[in-house]
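Before any questions on how it binds or moves, here is one chain, the form predicted alone, in structure tokens.
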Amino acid sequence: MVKLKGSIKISGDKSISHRALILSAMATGKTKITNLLESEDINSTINVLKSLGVKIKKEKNIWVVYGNGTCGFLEPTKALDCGNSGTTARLMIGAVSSNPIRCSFVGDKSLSKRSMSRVTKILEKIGAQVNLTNYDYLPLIISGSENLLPRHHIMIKASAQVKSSIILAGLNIKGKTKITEKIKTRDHTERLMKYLKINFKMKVLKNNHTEIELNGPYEIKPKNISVAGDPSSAAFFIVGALITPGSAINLKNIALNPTRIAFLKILKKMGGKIKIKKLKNSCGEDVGNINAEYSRLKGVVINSKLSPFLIDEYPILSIAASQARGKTIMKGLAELRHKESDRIKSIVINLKKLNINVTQVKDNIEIYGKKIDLKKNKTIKTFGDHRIAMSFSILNLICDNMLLIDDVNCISISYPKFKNHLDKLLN
């Protein structure tokens, strides 16, 4: 049987890469970005920014962005194509809303089925004019304004993308924009703003609610950015090592943001032998190395309150659960229905194909772990979802490559080097 051995440096974090590009474009001057993730989603953000008049070029392994300022976007001459990237669409809709320009946003077939109204309803309340297809989806047309209203926004649903969209709009709004989060979400935007010395306030309120206060408009000074490795990408190899006998791996330069590594706590609770070593702080993010080795996992209950911190990791956690002793229950997964695929459906359908006892009860998934013993090849339906494709590619390690992944090309959306890195650990 194969095993994973050795050490690799994980590609740049997708969430940080999007934000590094956008905030650099909103600065006034030249920013150099190193270790930027070069995936289809990030290319979508680069191309949208270029269409808005931002000069971006690659010099050897460094990306250089010549920022136009917080009110410097130019009216595009063509539709802004976000491809498959929900992050590109939601963040850039917010970013352009406080500029006096008219933009049309489009996306691919998958993105055009994902809700945009949770962002646009907020922007409409502060003065942006938005026309959405069927009140919820791309294509959309937005007419922005320099005179959007400063307002206090209370987040009803936990969403780092919606929060970041409001923040990006607020950077060019005159007056105080406040955002209250009842449930804390990923905070890459806030950390990067602190690193760039953007003067905003953050405080913890009663009941652990968080409040962010901006007082715009801002002039952002450029500052070079180094993007840490993506923990969500690292998760695939970590689970691969945990479920494959004889494996022991070292993953370098990983972002250890507390809002991104909840999956490590889950895997440790399952009995995973994982060691984390913090090494430095880079551009507001803690960065370090992670070691993982083969472990006998056990089933656990994953509480719904962890859901905002595990959205991208549930598919690979379901693979870990399939090889754990006993039952794993994942609660409160409603948000998974609004990703590149309905990930609840994608997980359940494919695990059932492999005779794993898996049940779906409303927005919960229950998985009973067992050894997989295949007599013939099984086709895995990815539904065009990169994280489903990578998760079952990892399970294939212990299935003697008898799983036929129907669309491996979708992996390039978030992790073009996935196969190269996996092959390196297999050699």
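For every residue, the number given is its place in the sequence shown, counted from 1. Keep in mind that this is a model prediction, so the values were computed, not measured.
Below, we turn to the form predicted together with a small molecule, even though it does not appear here.
Residue 11 falls outside the set of residues with a heavy atom inside 4.5 Å of the small molecule in the model of the complex. In the model of the complex, the small molecule sits beyond 4.5 Å of every heavy atom of residue 151.
Heavy atoms of residue 186 reach within 4.5 Å of the small molecule in the model of the complex, making it an interface residue. In the model of the complex, the small molecule sits within 4.5 Å of a heavy atom of residue 118. In short, of 213-221, 158-166, 326-334, 126-134 it is 158-166 that has heavy atoms within 4.5 Å of the small molecule in the model of the complex. Contact with the small molecule in the model of the complex, judged by any heavy atom within 4.5 Å, is made by just one of 233, 84, 177, 87: 87. Contact with the small molecule in the model of the complex, judged by any heavy atom within 4.5 Å, is made by just one of 140, 311, 196, 111: 311.
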